[in-house]
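Only one chain is shown below, in structure tokens, and it's the form predicted alone.
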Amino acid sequence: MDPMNEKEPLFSPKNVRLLKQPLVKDNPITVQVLGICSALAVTVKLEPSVVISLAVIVVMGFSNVMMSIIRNITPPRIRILVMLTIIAFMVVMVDQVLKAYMYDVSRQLSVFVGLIITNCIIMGRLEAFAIANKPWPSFLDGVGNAFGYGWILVVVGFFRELLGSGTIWDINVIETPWWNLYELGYQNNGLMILPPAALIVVGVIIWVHRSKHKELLEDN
């Protein structure tokens, strides 16, 4: 077989790194400190945190693919407008799906789904990767970075809902038939449902992450 015609496997080590590296080593939030504003708005409860994370995965993955496909025919002087148009199209599609199938969650998220358009992580990956790479690696890069971003939001949403409302996914876990921590004096922490709590939780996650991976600080 001619090595020039041999195709790279879909999940070659290089492609797998595109998925895995943003989860820890080059995480958009804990390492690059991008997209922090989203953590303020949508992480009061776990369910909207999960939904917005999935929405970002879809938007970033397919936006990267679309930008990669047209990268060679996009004039440099309008590429930012093209990127914004692609992202806006994907966000509108995701928003319509949420309204059709998850209306209650869509109402909770309100305008924050639309604000995905301004998420600097998505625009950054289109500009840094998709515009210079083929569709499949671009898709993996988008999904990997979105997962890296999303798992942070899910962790923040988990702790904010648990400590602020005493629930997980709207299920009361503090007061159950087997135990009732309220009778022992436990009280929900009202601070956790306020925006500053998101910064506190994200700050703690960044501190723990960088404490366990000090080599990332040296690399940067």
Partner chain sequence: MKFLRDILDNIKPQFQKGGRFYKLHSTFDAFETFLFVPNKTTFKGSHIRDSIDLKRTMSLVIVALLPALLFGIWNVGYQHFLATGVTASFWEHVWVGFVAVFPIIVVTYVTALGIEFGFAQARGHEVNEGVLVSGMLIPLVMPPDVPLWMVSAATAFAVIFGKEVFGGTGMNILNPALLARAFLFFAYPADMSGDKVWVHAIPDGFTSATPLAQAAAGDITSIPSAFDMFVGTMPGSVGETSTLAILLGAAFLFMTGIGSARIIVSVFAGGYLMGLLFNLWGANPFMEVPAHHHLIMGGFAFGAVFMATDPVSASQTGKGKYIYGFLIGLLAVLIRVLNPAFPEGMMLAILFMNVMAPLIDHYVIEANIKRRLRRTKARQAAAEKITQ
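Positions refer to the first chain, counted from 1. Just so it is clear, the model here is predicted, and its values are computed rather than measured.
Not pictured, yet referred to below: the form predicted in complex with the partner chain.
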| item | value |
| --- | --- |
| Selected contact from I69, I36, V173, L191, since only one has a non-hydrogen atom within 4.5 angstroms of the partner chain in the predicted bound form | L191 |
| W207, heavy atom within 4.5 angstroms of the partner chain in the predicted bound form | yes |
| 4.5 angstroms heavy atom contact with the partner chain in the predicted bound form for P177 | no |
| Any non-hydrogen atom of Y186 within 4.5 angstroms of the partner chain in the predicted bound form | yes |
| Heavy atom of I200 within 4.5 Å of the partner chain in the predicted bound form | yes |
| Options 24-32, 149-157, 191-199, 50-58; stretch whose heavy atom lies within 4.5 Å of the partner chain in the predicted bound form | 191-199 |
